[in-house]
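Okay, so here's just one chain, in structure tokens, the form predicted alone.
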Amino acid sequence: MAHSDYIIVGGGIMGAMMALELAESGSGSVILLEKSFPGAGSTGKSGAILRQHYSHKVTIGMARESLHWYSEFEQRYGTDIAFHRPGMAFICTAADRANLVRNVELQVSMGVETSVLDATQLRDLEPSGQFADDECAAWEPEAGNVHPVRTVYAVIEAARRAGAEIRIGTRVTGFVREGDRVLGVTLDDGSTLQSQMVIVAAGPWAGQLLEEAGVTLPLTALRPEQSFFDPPAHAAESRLIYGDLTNGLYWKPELAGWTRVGLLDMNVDAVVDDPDHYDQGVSQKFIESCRSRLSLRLPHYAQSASWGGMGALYTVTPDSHPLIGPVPGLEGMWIVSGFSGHGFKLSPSVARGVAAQIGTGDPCHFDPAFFAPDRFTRNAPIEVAYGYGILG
């Protein structure tokens, strides 16, 4: 039986980051197993938005650390991941203003460059937009994004150069166990790999894999739809990233020049029972809903060409925060999943924190108690400041 100190199941951004961090920190030998191709699940269709607007010290600190890491990636590793800083605004009405102001004050106290804009300042920021007098926004000029597919491949290649073994096209079908101790994994060809620690970072497939080990955790795969529009050439749009609480949607500029639009309410997303076979298309009803809502804010989108859209994948938990830590009832296995749309934003910091817990290094802002997988059985969910859990 082949042996590795760490086996990572899943080749999305989270698995790739952990492979890189464990390898670079000298924590031990690492094998990453990906059943199809890097970014095949949530990662490949992510908007890869990088912002620090959160409502907890832990996630603010982790998002800040991660944003800085992404900003230095090209210089450190010599690979372009299309890092870009257009800035991001969170728009709300007077009903959410107190939450927004409190969150901004907390972020400023932690070193985030952010401020509250009133309606007049919002109109200066986005002259082509329509804003009510009672609306305000948290403006974060440091916020940005990366190209998701380019990034996950670049991180995997960096992990490979650091000494991690990367196996693409290798499916994990089960786990090698001795009582409550996980000793490794079984592969689709019938072979086994032994390890002192198995890390399940399989996104939408994580819940199914844990059930193979006899463990049920509150992980649900959802299918959020996203639409794409081509802004008219005559539009004097600022091309920023927005989270619009008033109209319940977010949008961001894409490298291709399109605008990606999605809804903030994950409660309307369909549950995915089989992530290997789900509808990857988008409905005309959804496209028109996005166009209608976006046009309330930026009227020129009423005449914009639609480039269709896609059905993506989220893995969510009841409080919209991930499960990170030892799998309850089992030794030798960690779960790192359920990011509910926050994965790209937090992955460098998550990887650093996990490596510090199971290998070597400094956890920095990562708090294992905050993300503990057993928090729901202890009736200790993370409180969400906004009505939309995706905002954190």
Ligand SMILES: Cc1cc2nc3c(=O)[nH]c(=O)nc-3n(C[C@H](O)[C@H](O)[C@H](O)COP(=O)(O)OP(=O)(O)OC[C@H]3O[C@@H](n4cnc5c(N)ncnc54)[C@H](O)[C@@H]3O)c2cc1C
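This structure is a prediction, so every number in the text was calculated from the model and none was measured. We number the residues from 1 along the sequence you see.
As for the form predicted in complex with the named molecule, it is not shown, yet the points below apply to it.
message: Given the stretches 305-313, 117-125, 76-84, 191-199, which is the single one in contact with the named molecule in the model of the complex, using a heavy atom cutoff of 4.5 Å?
response: Comparing against the named molecule in the model of the complex, the contact stretch is 305-313.
message: Please tell me whether any heavy atom belonging to Trp334 falls inside 4.5 Å of a heavy atom of the named molecule, as the geometry stands in the model of the complex.
response: Judged by the heavy-atom cut-off of 4.5 Å, Trp334 is well away from the named molecule in the model of the complex.
query: Taking the shortest heavy atom distance, is Ser42 within 4.5 Å of the named molecule in the model of the complex?
result: Yes, contact at 4.5 Å.
- prompt: Contact between Lys345 and the named molecule in the model of the complex at 4.5 Å, heavy atoms?
  reply: It does: once the named molecule is placed as it appears in the model of the complex, Lys345 has a heavy atom within 4.5 Å of it.
query: Going by a heavy atom distance of 4.5 Å, is Gly361 a contact of the named molecule in the model of the complex?
result: It does not: once the named molecule is placed as it appears in the model of the complex, Gly361 has no heavy atom within 4.5 Å of it.
message: I need to confirm a contact call. Of Ile49, Val327, Leu67, Ala356, which residue comes within 4.5 Å of the named molecule in the model of the complex, counting heavy atoms only?
response: Only one listed residue qualifies here, and that residue is Ile49.
- prompt: Of these, Ser320, Thr246, Thr170, Thr259, which has a heavy atom no more than 4.5 Å from the named molecule in the model of the complex?
  reply: None of the other options qualify; the answer is Thr170.
message: Contact check in the model of the complex: Val104, Phe229 and Ser292 versus the named molecule, with a cutoff of 4.5 Å between any heavy atoms. Do all three pass?
response: The answer is no; none of Val104, Phe229 and Ser292 reaches the named molecule.
message: Pick out the residues of 192-208 whose heavy atoms come within 4.5 Å of the named molecule in the model of the complex.
response: Going through 192-208 in order - heavy atoms within 4.5 Å of the named molecule in the model of the complex - the hits are Ala201, Ala202, Gly203, Pro204, Trp205.
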